[in-house]
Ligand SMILES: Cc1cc2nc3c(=O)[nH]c(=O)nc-3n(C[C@H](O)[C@H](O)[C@H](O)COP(=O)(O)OP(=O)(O)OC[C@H]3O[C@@H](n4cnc5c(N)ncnc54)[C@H](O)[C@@H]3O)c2cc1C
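The form predicted on its own is given below as one chain in structure tokens.
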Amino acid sequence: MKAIVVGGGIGGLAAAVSLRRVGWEVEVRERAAAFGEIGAGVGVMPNALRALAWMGLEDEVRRLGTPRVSGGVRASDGRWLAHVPDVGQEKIIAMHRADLHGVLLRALPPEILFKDAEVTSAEELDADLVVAADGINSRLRAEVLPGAPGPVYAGATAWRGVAPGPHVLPITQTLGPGGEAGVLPLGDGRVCWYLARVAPPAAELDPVALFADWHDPIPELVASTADVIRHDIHHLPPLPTFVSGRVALLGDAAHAMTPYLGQGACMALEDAVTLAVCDGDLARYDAVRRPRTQAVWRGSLLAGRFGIEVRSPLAVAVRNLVFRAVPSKLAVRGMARFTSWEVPGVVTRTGRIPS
């Protein structure tokens, strides 16, 4: 059985690694001139780590990820709203997106990787399975689900970057009026950071000025970063199906979500493993993945409404009071409904049960 994966990002490469593990012949076609990943940091949550463990890549991810550190949620003036000790190797692994992409890329033989290979239609592909991992603006999704909704602006814009080190910092999320910031320390002393702000689409904004009065080291990290990536945040409303004929949608092509739970890449890794253990049964893949990912999509929207979208001083004060009142252990249990995923125990076409 042959699969062609369209898109060489984290989700597409993970799908290729996973499908090869259950015996599929796989090709990956990437339209860019080189395989690579843009962006800054990614938090590899426990659910994503289980997916990577199933692929046989957990040890390499742990080796490249940030060692055990503390973490939590802060207000824009620096006060701690929730403090969670020992976030790190057992709960969240912080790493650069390019490093995670590299782990997946090195797990694949070069001869199955095709760059400068733009795919405009599934009809041109000779394969038993076509994996559409071509992003939020997926051409294949538009082809196979012509009546499905397209991306929607989420009302906020974001900046990402990697600040030079050395820094020794906790993993933090900071919430302020109409904005948020995140800090992901890397093991080599660099720091991946992101900022998000409620704003009209394509607004001309200066992140240095917008976040100048937020707590240290956020202004310093932004000011010291040479290459800053800016993008408006979009999400994909729930689709009626993730499959059509021999085409399976995966990652942002299926369920692009806002970043407020940090689960976008994690969902793509879950998708990849589930697709493999379903072993060609796309109806099963759809039945397993669509409810799960759409629940996380809704949870991320809700997190945004309680986080970045809170703007008035009174509402910010109430939100901060609620955060401080919730015990850390209870907050961790609340997140567990998003991170407690396990690899499905589905019997494959060949009768194997991957473990």
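Just so it is clear, the structure is predicted and the values come from calculations on it, not from any experiment. In this text, residue numbers run from 1 along the sequence as written.
We do not show the form predicted in complex with the ligand, though everything after this point is about it.
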- With a 4.5 Å heavy atom cut-off, would you call I10 a contact of the ligand in the model of the complex? yes
- Message: Just checking whether E37 would be counted as a contact of the ligand in the model of the complex - the rule being heavy atoms within 4.5 angstroms.
- Response: yes
- Does the ligand come within 4.5 Å of any heavy atom of I308 in the model of the complex? no
- Interface membership of D279, the ligand in the model of the complex, 4.5 Å heavy atom rule: no
- Counting only heavy atoms and a 4.5 Å cutoff, which of 167 to 175, 148 to 156, 73 to 81, 111 to 119 contacts the ligand in the model of the complex? 111 to 119
- Run the contact test on G43, G251 and P259 with a 4.5 Å heavy atom cut-off to the ligand in the model of the complex and return yes or no. yes
- Query: in the model of the complex, which of the listed residues (R62, R31, R292, R319) lies with a heavy atom within 4.5 Å of the ligand?
  - Reply: R31
- Item | in the model of the complex, the one of R197, K91, R284, R97 near the ligand [non-hydrogen atom within 4.5 angstroms] | R97
